[in-house]
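Coming up is one lone chain in structure tokens, specifically the form predicted alone.
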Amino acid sequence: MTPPTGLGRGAAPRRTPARAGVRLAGAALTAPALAMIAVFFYVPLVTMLWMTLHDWPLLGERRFVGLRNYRDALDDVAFRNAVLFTFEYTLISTPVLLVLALALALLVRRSGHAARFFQGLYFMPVVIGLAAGSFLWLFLFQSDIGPVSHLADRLGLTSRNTDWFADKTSALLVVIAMVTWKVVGLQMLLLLAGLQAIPAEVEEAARVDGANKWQTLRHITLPLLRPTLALVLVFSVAGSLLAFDQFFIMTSGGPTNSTITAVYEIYRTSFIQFKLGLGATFSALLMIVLVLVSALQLYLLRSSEPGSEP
């Protein structure tokens, strides 16, 4: 018996008007998102890369210079110092955030009203804007009028007129404390979601086998939490490499330009010195670092999948 036309083995599915309509509706729904991505990501990205090949003043004639901006960027002492300080800030703030967020997540992991109360309490600073938080902590540590200066004076640690932002180390520690207060609640929430995804039976089986709390955490909880830890780690590193607002507001790069980050130097070069081509080159180099960090994230997430090689 001859099968009907279009229903035989290997025959292509017939395109019906209804299926074509679904495809058109899908294309129409995704078109606005694709247009926004193109306008707000790809066009600025291509423009930035084009600017790196030019001597691009804010006013005046633009001149093609090839790769000269990249050579100047690598020889720029101020940019190198800013990159080194950014790495220093990242290396200090990232472990502090990760360890504190994990400790808080373990503390509020239990069910009950008290745990939910502290979850909200720790998460509350996240809803405050970074600029608002920076101004708040700038006031807290102001000499003569800041509450922290008054408290330190009463405890005999420092005098009331101590300028916490006159020294690089104290200024950096104050900024890291502010960022930790602002961000640790979000990282705690991410890690808490990862902890709640771990089956309780696994940890109970470890305790039945005689493992204490530390052994259960080290050999059971942390390995199963590795994908979430990798995600939080990459978020933290990327955020630290892009640090700008907190240093712009709280230290203004001081003292003696010792707390200028890579993004802060891009701002100074582009909008104070009006060297837009060189500033775009700094941005391109920083983008390469962020791409490498994202690649590391993908590697860590892939290696944490069951059955994959570490």
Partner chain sequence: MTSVLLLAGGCGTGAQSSASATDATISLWTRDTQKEFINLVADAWNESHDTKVEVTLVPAADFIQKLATSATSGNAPDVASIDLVYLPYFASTGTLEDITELADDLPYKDSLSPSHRALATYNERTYALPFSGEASVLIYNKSLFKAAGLDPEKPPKNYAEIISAANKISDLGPDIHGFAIAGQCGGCNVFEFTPHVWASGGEVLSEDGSQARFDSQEVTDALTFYRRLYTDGTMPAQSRTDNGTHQPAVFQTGRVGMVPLGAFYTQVLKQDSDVDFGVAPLPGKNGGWSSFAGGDEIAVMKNGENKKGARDFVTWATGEQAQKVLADNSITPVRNDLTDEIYVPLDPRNKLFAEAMEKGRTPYSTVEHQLFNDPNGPWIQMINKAVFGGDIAAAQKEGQEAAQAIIDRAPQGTNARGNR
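Positions refer to the first chain, counted from 1. Quick caveat, the model's predicted, so the values are computed rather than measured.
Below, we refer to the form predicted together with its partner chain, which is not included among the displayed structures.
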So in the model of the complex, is its partner chain close enough to Arg109 to count as touching (4.5 Å, heavy atoms)? no
Interface membership of Ala166, its partner chain in the model of the complex, 4.5 Å heavy atom rule: yes
Is there a heavy atom of Thr52 no more than 4.5 Å from a heavy atom of its partner chain in the model of the complex? no
Report yes if any heavy atom of Glu204 sits within 4.5 Å of a heavy atom of its partner chain in the model of the complex; otherwise report no. no
Heavy atom within 4.5 Å of its partner chain in the model of the complex - residue from Thr180, Ser170, Thr94, Gln142: Gln142
Using a 4.5 Å cut on heavy atoms, which of Leu34, Val46, Leu58, Leu67 is close to its partner chain in the model of the complex? Leu58
Can you check 143 to 151, 225 to 233, 100 to 108, 86 to 94 and let me know which stretch has heavy atoms within 4.5 Å of its partner chain in the model of the complex? 143 to 151
At 4.5 angstroms, heavy atoms only, are Arg160, Ile260 and Tyr267 all close to its partner chain in the model of the complex? yes
Contact check, 260 to 282 vs its partner chain in the model of the complex, heavy atom within 4.5 Å, ordered by sequence, gives Ile260, Tyr264, Tyr267, Arg268, Phe271, Ile272, Gln273, Phe274, Lys275
